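Structure 1 and structure 2, given next as structure tokens, are two forms of the same protein chain, each shown alone.
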Structure 1
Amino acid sequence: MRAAPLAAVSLACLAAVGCRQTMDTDPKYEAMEPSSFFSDGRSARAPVAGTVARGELKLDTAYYEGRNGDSFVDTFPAPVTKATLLRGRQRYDIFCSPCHGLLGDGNGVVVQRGLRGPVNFHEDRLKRTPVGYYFQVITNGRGGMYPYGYRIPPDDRWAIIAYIRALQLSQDATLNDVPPAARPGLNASHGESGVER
């Protein structure tokens, strides 16, 4: 008769153990999870200064810094295709348009809410500025503009610059710059541009 209570107690213990949801939270860090081990509380550790990951040796300064020696490059270090421009447009709309506006006229939504300073890309000075300078501004920021380098990889930075150049050209374009086949659609409206995003 002693066996029955014993069995009941052990069953209860088993049941209690079964309730622990240990596999819900493994002893591992997920992205951005805080850590109590490191004094700064971050589980993601910064690499030691000067570390170079495989395939990330950035010797091509024209491509990775927009510079040749002391001067900014003025030609694109990578080929610019239609795909580049479409990608550039998408990335521009995400990262630049809130301030510089969809047209590049410096009148984005955040400017309408009080932010001061985003430039109008259609100023003569900026039309003449070499592309390498733009690259440098995106990467490191300038004055009131924060750096975007940590969020936008280099190939996207070049794509954005190509699109800004296209925006700049677009403002002075005449009907003769448009391929004849595309002209009829131009009178239609500002709406559907027919360009795939």
Structure 2
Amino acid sequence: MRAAPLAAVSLACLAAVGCRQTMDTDPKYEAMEPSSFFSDGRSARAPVAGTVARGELKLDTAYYEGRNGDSFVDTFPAPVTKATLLRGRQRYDIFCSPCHGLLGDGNGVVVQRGLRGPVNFHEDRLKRTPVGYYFQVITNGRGGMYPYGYRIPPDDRWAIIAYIRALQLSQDATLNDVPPAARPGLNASHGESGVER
């Protein structure tokens, strides 16, 4: 009598395992596989005209284009923090310094090897240029500069611009620009004023 219940349980387990179907074994079409279901022979449908992928709706033109209407934005569309500047420096060193140099003076390694030099970020006209213009140039390129919009996401473009602004400020800094609490910690090798000459 004990063998019959054991056999029934064993048979039920085997039946359950045999009927199991997972996502790996479900019948499905692979990407771009032909199908006879639709009249055009394709298994996938084209997106409806005007469809925007989730997370890709870019209504904030100041942030995603560097513009408000027809003019460039003059203020950063997101807060600039220490983390933003550190990220901007990292991205600048990777993408910009080979041409523009580590100081933004247009004397990068590419120029030192004989190619035409880019702009010097320390020119007065570029110090007055709106940040939205920089965003447009990074995104679309200009002159001999290639477009980087497809390589550098908007967050990083704004971080780079913030770092460029910091570079511009750093080259004309005086002791008065240093907070009083930070002045005693300046390296004495920079001269009596504590600022490199």
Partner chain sequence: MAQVFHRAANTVARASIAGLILLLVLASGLLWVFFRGAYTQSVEVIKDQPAQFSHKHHVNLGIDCRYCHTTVETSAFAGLPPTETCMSCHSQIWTHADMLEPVRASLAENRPLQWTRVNWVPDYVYFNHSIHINKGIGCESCHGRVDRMPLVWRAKTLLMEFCLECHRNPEKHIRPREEVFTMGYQPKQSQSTLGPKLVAEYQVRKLTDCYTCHR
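Under this definition, the rigid core comprises the largest set of C-alpha atoms superposing within 1.5 Å between the forms. Just so we're on the same page, residue numbers count up from 1 along structure 1's sequence. Just so you know, these numbers come straight off a predicted model, no measurement behind them.
S.K.: Only one is the form predicted on its own; which?
M.R.: Number 2 is right.
S.K.: For residue 43, is the C-alpha shift between the two structures 2 Å or more after core superposition?
M.R.: Yes; residue 43 is a residue whose C-alpha shifts (by 2 Å or more) between the two structures when the cores are overlaid.
S.K.: After superposing on the rigid core, how many Å does the CA of residue 181 move between the two structures?
M.R.: It moves 4.7 Å at the C-alpha.
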